[in-house]
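Shown next as structure tokens: one chain only, the form predicted on its own.
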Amino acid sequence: MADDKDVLRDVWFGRIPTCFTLNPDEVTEREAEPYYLLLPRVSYLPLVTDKVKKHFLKVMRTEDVEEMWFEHEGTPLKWHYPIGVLFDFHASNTVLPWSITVHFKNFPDVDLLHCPTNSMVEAHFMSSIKEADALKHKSQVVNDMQKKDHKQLWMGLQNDKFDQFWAMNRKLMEYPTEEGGFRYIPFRIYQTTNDRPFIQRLFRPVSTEGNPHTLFDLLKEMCVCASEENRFQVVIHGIEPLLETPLQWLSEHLSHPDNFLHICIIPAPTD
């Protein structure tokens, strides 16, 4: 892949200032103070909220505590989506800090998957990595890795170790120069106007004529509304990339650690 470490670092170390407050319906022995945290965009809520849980457990009785879950303005937050995607999709035009409500009861089974341990997050993360490599390299790279290599990817993410993660992840970003890119681009498009959780289809980084496909080409083929620039914003990692940006470059530099390019299409602010 093109070595542009500054971009990779900026993406990795992106943070969202967040204020966690306990749902007022929870039974507490005394008032629960809010808890403030800088959330890493590329991580997952269960990996970075141990301190949040400990903070609120101090004011609660054990018998009143069930599985912890989070919501923003009435919408349960899916732990298996990267934190940055949750923010961009649900809250990117709100005032910081991001306001998240913490619950310990009434788990919304219809909306959320249960996550009893971090091994669930690891299983989901590695499944996404393997799915992405199937699209990019017919699974050849990930299958050539040893179990310890897979563990290095996971531990790098879990412990927020950029160098540890990218020492292994760079292999997943390589491709033969003559091919001009990956076989297919692993991407997911999230739309507020669509009932489906996200759009994911096969899309090549290079046209049959050999021209690089751009972000605009992808959006045009997948969802017409995104091309209405005045009505919608196209957001990746909290920024609006130029629509003429080559898709291959975006995939190499702005993919999340799960190796997918997560694209949020949200209504443009009206003010």
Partner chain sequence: MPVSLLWAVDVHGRVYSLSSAGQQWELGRDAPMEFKRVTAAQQCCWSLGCDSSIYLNVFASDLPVRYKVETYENQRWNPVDGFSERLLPSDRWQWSDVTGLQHQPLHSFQLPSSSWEWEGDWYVDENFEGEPTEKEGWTYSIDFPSTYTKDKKWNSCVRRRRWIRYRRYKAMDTWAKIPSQPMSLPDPFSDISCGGWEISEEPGGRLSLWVVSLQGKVWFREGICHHNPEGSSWEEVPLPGEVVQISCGPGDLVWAVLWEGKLIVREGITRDCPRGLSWAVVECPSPEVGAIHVSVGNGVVWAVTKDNKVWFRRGVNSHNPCGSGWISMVGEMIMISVGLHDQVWAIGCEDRAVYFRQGVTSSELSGKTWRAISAPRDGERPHSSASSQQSAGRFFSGEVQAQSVVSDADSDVEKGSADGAIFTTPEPSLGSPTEPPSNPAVDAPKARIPKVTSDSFISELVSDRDQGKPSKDVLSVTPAVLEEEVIPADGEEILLCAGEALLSTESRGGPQWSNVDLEEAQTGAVLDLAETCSLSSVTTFTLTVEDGAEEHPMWAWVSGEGCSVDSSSQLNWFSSSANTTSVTQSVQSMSLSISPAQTAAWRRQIFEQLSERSRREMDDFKHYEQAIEQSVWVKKGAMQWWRDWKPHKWIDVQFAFEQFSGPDGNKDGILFIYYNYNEEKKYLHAFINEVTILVPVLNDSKHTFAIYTDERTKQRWPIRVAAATELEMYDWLALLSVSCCESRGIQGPPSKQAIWSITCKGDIFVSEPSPALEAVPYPTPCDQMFWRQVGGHLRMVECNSAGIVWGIGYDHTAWVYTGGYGGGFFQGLASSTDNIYTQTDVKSVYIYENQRWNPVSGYTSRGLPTDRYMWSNASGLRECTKTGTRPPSPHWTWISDWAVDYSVSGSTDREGWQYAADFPASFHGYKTMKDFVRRRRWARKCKLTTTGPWQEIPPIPLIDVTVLPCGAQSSVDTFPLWAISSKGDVLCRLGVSAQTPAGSSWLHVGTDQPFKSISIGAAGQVWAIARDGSAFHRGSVSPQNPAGDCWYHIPSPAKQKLKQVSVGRTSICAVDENGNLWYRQGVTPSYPQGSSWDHVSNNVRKVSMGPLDQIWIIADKVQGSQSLSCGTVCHRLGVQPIEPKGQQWDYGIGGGWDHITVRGNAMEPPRIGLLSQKDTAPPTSSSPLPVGIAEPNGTAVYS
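What you are looking at is a predicted structure, and each value in this text was computed from that prediction instead of being measured. Positions refer to the first chain, counted from 1.
Another form, the form predicted together with the partner chain, is not on view; read the next lines as being about it.
With the partner omitted here, the residue from Y184, W166, F198, W154 that has a non-hydrogen atom within 4.5 angstroms of the partner chain in the predicted bound form is W166. For the three marked residues, P24, T75 and H103, no heavy atom of any sits within 4.5 Å of the partner chain in the predicted bound form. Here the chain stands by itself, but in the predicted bound form one stretch of 135 to 143, 184 to 192, 95 to 103, 118 to 126, 95 to 103, has heavy atoms within 4.5 Å of the partner chain. Using a 4.5 angstroms limit between non-hydrogen atoms, Y35 touches the partner chain in the predicted bound form. Remark: T28 does not count among the residues lining the partner chain in the predicted bound form, judged by a heavy atom distance of 4.5 Å or less. In the predicted bound form, none of the heavy atoms of L202 sits within 4.5 Å of a heavy atom of the partner chain.
The closest heavy atom approach of N259 to the partner chain in the predicted bound form falls outside 4.5 Å.
Of the residues in 231 to 250, those that come within 4.5 Å of the partner chain in the predicted bound form through at least one heavy atom are, in sequence order, H237, G238, I239, E240, P241, L242, E244, T245, P246, W249, L250.
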